[in-house]
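What follows is a pair of forms of the same protein chain, given separately as structure tokens and numbered structure 1 and structure 2.
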Structure 1
């Protein structure tokens, strides 16, 4: 392990020497803990605070991308579902649940999937997702391998929860957990926050590292051994999420394209959602804040929004392509968040509003690494009920209303 001088040298390159302020007062174990953290932390993410060095601040030329619409899908549905079910039966499809986030907006102090969305009965977010996946398992007569990404902050609690709940009836042999990487968080001056005198404030480094973390956990070998060709990646917080949806899988396979993304039609030009489009001729997602007024309101020849299809964090990737792009550096996004930190009196503060920045890579940037992507339109009311906030838009209340509207007993 590195010693104090080496640690000081590393930190001074990034203007973070304050991390060692309490070093001399620490016990031997605490010193080891802090030096160990400094040794494994990738401080180069801090460069992204400097807009000029931030790789994702430069974007290419955007153009609209069409989708297979709900109407197209209805006309071909038997065909798509047949192809998808065959692939699932042949064990060519696996699913990855991204559950490493901290869900700070929801303000729930446990892993988000442990949130009880039920009203008259217990119905946990994880349970909703497993129930949805079970629909496909029953239809295909085959289990879909499910890999769950957690972070060091929530891994133990997540696994214990699944154990206590007996995996909500899923065959546990088909469920594996893996842990994502962490990154330091900073205050608005760019200084790394501390959790205690001997611990840097580390947060999960975004959902973009899911594949490299899966590889590092040794799970790619078994994925390949089992002949899995497609991985459906999805977010924990959409309680209506269709997972390993045979229609989606079948449509992507039939299209011959390299990947797929589920999309919903934007409710209005102003809706704050990332849109699947083309960037320099490759599939890409343009965030709502990156769109100009002209892009937001542009109409196509049918009078529909040209940039119409918003993503819902449900993608289908091809394993061979994922392996090919695995080592590519992903853009780092600097995001404003509420970050618990130790104040000058040594007290841990849990702020009520954002107080600094975290560094995240995002799965949506993987879409731009694909040669092609099928935008597959789904009905928002049937498949999109995100639980992001405690109240208001995309909240517990709106998700409950959508669950009820879909006939789910809560």
Structure 2
């Protein structure tokens, strides 16, 4: 671990020496905690406060991107599944679960994956995902390496939960946990905020930070040693998510493209979902709020929405290309947030309106850094049951209804 002098040197490069203002008053444990935070924090994100470097930039020229449709997939299903199963059996496929978030919006103060979505029995979100992956393990007769990204705040609780639940029957030798890199929060003057005298205000660096976090954790060497060529990355909150899906894996490999993204047909032009498309000739994701009315309603020659395919955060990336991206550095987005902070009197203040900035990397930028991406359409009712809200759209109730509709006992 770094010492005080090294920490001061790091902070002075960014004009953030105030972080050590109370250092001499801290206990030994508090000093260790603060120095540990300074050591793992990526202060280079502060450069993005410069408007010219900020990645919240004007987007390029968009164009529609077609997909391998559910009809196409049905016609080639056996071929795709065969190729995918071969890759899984040869240990060429691994999975990364993005599980750094809390269940705050569900009224649940623990890691979101620990939420019990069952009605008549216990059925946790993590359990649903492991069950889905076990379907593939049984079909392939081979375990899929699973890497679970947690956050600084929920890592210990997540690991303990998996231990208590005996990994829901998954072979623990194939499960590894790693902590997402953290980024500092700043006020509008660019000064890093403190949660207390011994804690910097940190937050996970966005869903695009999963690969750099995996590399920092030292897991890339293991992945390469095992011969893994493809990584399927997916979010924790979709309980019908198909992971290391042989058909998806096989279709991407057969296509010869660098990556793949699972998509669903939009329910309507107004559906608030990011769409897989082209931007300046490269694969990209355009968010709903970035689309013009013309883009939202544009029809193709068959009378279908041209920008039709909504993403569900389930991507397949090539390991070699990911390494190349990591070396090039991901774009960083600066976002306004309400950030709890310690004031000059040492009191924790919880603001009611935005008071500063956080820094995020986004997986959509990772998609745009690919030369090509296969849009792979799946049936919404079978693979898309997000648990984002306590009630209403994409809620606990809607996910439960979809689990039942797919014959899953809850």
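Basically, rigid core = biggest C-alpha set you can superpose within 1.5 Å across the two forms. Computed from a predicted structure; not experimentally measured. Positions refer to the first chain, counted from 1.
- Between the two isolated copies of the chain, the form predicted on its own corresponds to structure 2.
- With the core superposed, residue 31 shows a C-alpha displacement of at least 2 Å between structures 1 and 2.
- Remark: with the core as the superposition reference, the CA shift of residue 200 between structures 1 and 2 reaches 2 Å or more.
- Positional change of residue 121 between structures 1 and 2 stays under 2 Å at the C-alpha, relative to the superposed core.
- On the core-superposed pair, the CA position of residue 106 changes by 2.4 Å between structures 1 and 2.
- Taking the core as the fixed frame between structures 1 and 2, we note the C-alpha of residue 187 moving 7.3 angstrom.
- Superposed on the core, the two forms differ at residue 14, whose C-alpha moves 8.9 Å between structures 1 and 2.
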